[in-house]
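Coming up, as C-alpha cells: structure 1 and structure 2, two forms of one and the same protein chain.
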Structure 1
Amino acid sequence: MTETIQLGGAKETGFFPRLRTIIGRRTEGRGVILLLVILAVLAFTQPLVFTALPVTIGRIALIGIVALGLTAVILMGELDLSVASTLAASGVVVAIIPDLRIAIPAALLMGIVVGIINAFFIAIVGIASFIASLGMLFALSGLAFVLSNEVPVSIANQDAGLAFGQPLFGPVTPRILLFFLVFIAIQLFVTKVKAGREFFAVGGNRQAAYDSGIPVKRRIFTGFIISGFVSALAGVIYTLELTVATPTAGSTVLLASFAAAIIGGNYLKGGRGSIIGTLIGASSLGVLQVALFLSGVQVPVQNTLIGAILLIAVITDPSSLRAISARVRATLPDRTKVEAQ
C-alpha cells in the first residue's frame, strides 16, 4: 500500500480525495470496472440474465469455488494447473463408489492428496509449479478416463443427487451455500490468520520470507492443499447436481477460474491480491458466461472471449503498464542527445 505525502501543504480531505486513496490501495479495480460494464450492457441486450438468478449465481459459484482455491496459490506466486483435472477425477470417484457417505470423503481426500503431491514436487524437489501442476493435470485427466472407462458414469443414489440440486431457500442451492462458506473461510484465513497472511510475504519476496523465519515450504503445502481440496469439492458438487460424472468435466473451468483470479487483481508473481477481488472477477465471468449461453454462443467462442479478457487484464496490470512504458522509453531516442547533435 502506498500513501501520498504532500510537501509544504495540507493533507487532502473530502470524499473524492479519500475515495482516490482507497481505490489506489485496492487491487480489485479492473474486476469492478468489468463487472459494471457487463451489467450495464446486459441490462439492455440480455436482461434475462437478471431474471434467471439461480442459474447466474450457480455459474458464479462453480467458477468462484475453483478460483478461490487458486487464489491461495497465486498469492504465493505459484500456479496450479491441475484444478480442472482434480475436479473431473474427484467427480468420477464420487460416481464409481456406490455409497455417497464413503464416496464424498474419498473424493475430498483425493483433492488433499493431489495438493500434497503438487507441493512436494514444488517445495521439496524444486520443480516449477507450472511444470509440476501441468504433469498432475495430465496424470489426473488420464486417471479420470481410466476410472470411468472413458464414458459418463451415473451415481448410484440418483435421488440424493436430485435432492442436492434443489434450492434450500429462495435461489440458494447447496452449491451456492458451499461457495459462500468457502469464500468466508478463505477470506478469514488470509486476512485474520497468521499463516494465511504469510502467503503475501511468501509471494512478495520469498528470500525475505525465509530470512524472517516464515516456514515457506509449509505455506506452499498449505496453499496447494487448499487448492486441491476446493477443486475436489467443486467436482463433488458438479457430479451430485448432474447425477453423472464425465472425465472431461471442468474443461471450461480452468480458463475461467484463472481469469477470475487475475481480473480480480491478483498478481501472478504473488504478493498482491485479495479474495474479494476473486469474488468480483468470478461474478463478472459467471454473468458473462450465462449471457453468452442464453444468446446461443458456442463454448469455443466463449473461451475465446474469456481468453481475450484475461489478456487485457494482464496487460492492464499496473506493473505490466510500467514495464511496457519503460521499454518504450528505452527504445525511443534520447531527445537531449538528439538536440545536442
Structure 2
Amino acid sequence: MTETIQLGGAKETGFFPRLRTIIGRRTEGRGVILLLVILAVLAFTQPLVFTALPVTIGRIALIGIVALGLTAVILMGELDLSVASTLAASGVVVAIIPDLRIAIPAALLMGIVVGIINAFFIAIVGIASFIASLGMLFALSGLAFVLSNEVPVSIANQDAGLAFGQPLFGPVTPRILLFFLVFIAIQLFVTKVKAGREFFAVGGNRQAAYDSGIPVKRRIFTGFIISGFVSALAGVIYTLELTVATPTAGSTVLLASFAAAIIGGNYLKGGRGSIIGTLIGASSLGVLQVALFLSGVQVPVQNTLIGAILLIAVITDPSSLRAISARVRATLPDRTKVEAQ
C-alpha cells in the first residue's frame, strides 16, 4: 500500500515555468494589452499624457473610483446599477447640509444605507440585483433632484471645497489620494481579508460557499455596502472639488465604470476578476480619454472609439473566443485524411 499518491499538478519549478504559471493565473490580460497598446501609441503621438501625469492620474481616479466599488459587487456575480445615482444623491447631501463636518459623514452614511437597501432587496427579499439596483437607480436620481430642488447647490464653505481640489503633497490631490486609498483598501480586502476573499467563493460557486458555512447573505450586504459607500465617497469628492452639487452629476459614471471593470477582465457572472484589473481598465480608459481630449477629437468620435474598444474587449473574452472557435471549427471541412482508412 502506498503512503502517498501522485496525481499531477505538482508545483512548477524553474523561473520561466513558474512565471508562466503565475501569468496563467491572472485575469487582467486583455486590460494589460490594451493599456500597453494605448501607451505605446501615445508615447509617439501625445507625449503630453506622460508629462502631465498627475492630471492623467487624476482623470483615472475620476473614472476608476466608482468602478472599484462596483468590482466588489461584480466579483460576487451581482450588478449595481445604482452607483451613479448614489453619487449624485450623496453629492447633493453634502451640499445641502451647511456644516461639512456633518455633511460628509451624512453623505457617506447615505451610501452605506443605499448599499443596505440594495442588499436587502437582493439577499432578503430575493430580487435579482439587476432589477433591485435599477429601481434604486431611478429612486436615487429622483431623490437627488428632490433634495436639490432641481438646481445646482453650492456648498456653504467654498474655501474648504477649493482647498480640497489642491494637491496635498507633490501632485497628489485628495481625489488621487482617496482613489488610491480606496484601491488599496478594496484590494487588500478581497485578497487578504477572509470576508473579501470569500466574495470569489460567493461569485464562483455560491452553493459551495453556503455549504462551507460562508454567510453568503452577509457577504452580499458587505459587497453592496462597499459599492454604495464608494459611490457616496465619489459623490463627496465630486461635490467638494466642484464646490457645487448638481443633481445630474455622474451621468457618465455608470457606463464608464462598467467599461473599466469589463476591460480589466472582471467576469460579470462572478468569481473571476480582480481589483487590479479594474485599476488597469480604468487606467486604459482614463489615458485614452486624456489623449483623445488633447488631440481635440470630437466627443462623438471618442465615444465611437470607446464603444468599439468595449465591444472588442467583450467579444475577446476567453469564453467568447472558445465559443466562436468551436463554431468556426464546426463549419470547417473535417480534417481526417490522416486517420481515414
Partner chain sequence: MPSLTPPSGGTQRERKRGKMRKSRLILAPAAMLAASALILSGCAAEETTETTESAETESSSDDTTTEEAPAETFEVYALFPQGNDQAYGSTLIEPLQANGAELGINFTLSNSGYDATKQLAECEIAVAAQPDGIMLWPAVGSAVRPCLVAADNAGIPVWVINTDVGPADAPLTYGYSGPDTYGQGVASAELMCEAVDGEEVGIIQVNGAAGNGTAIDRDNGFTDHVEANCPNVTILAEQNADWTPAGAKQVAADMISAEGIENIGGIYAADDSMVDGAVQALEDLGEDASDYFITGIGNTKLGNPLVKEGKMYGTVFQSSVWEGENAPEYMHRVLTGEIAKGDRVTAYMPSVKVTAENADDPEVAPEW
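Please read these numbers as outputs of a predicted model, since none were measured by experiment. Please note that residue numbering is based on structure 1, beginning with 1 at the start of its sequence. Take the two forms, superpose them, and find the largest set of C-alpha atoms that agree within 1.5 Å; that set is the rigid core.
A.B. asks: Please identify the form predicted alone: structure 1 or structure 2?
C.D. replies: If we ask which form is the one predicted alone, the answer is structure 1.
A.B. asks: Taking the rigid core as the frame of reference, how far in Å is the Cα of Gln302 displaced between structures 1 and 2?
C.D. replies: The shift comes out to 4.1 Å.
A.B. asks: Enter the rigid core superposed C-alpha shift of Ala43 between structures 1 and 2, rounded to one decimal in Å.
C.D. replies: The alpha-carbon displacement, core-superposed, is 3.2 Å.
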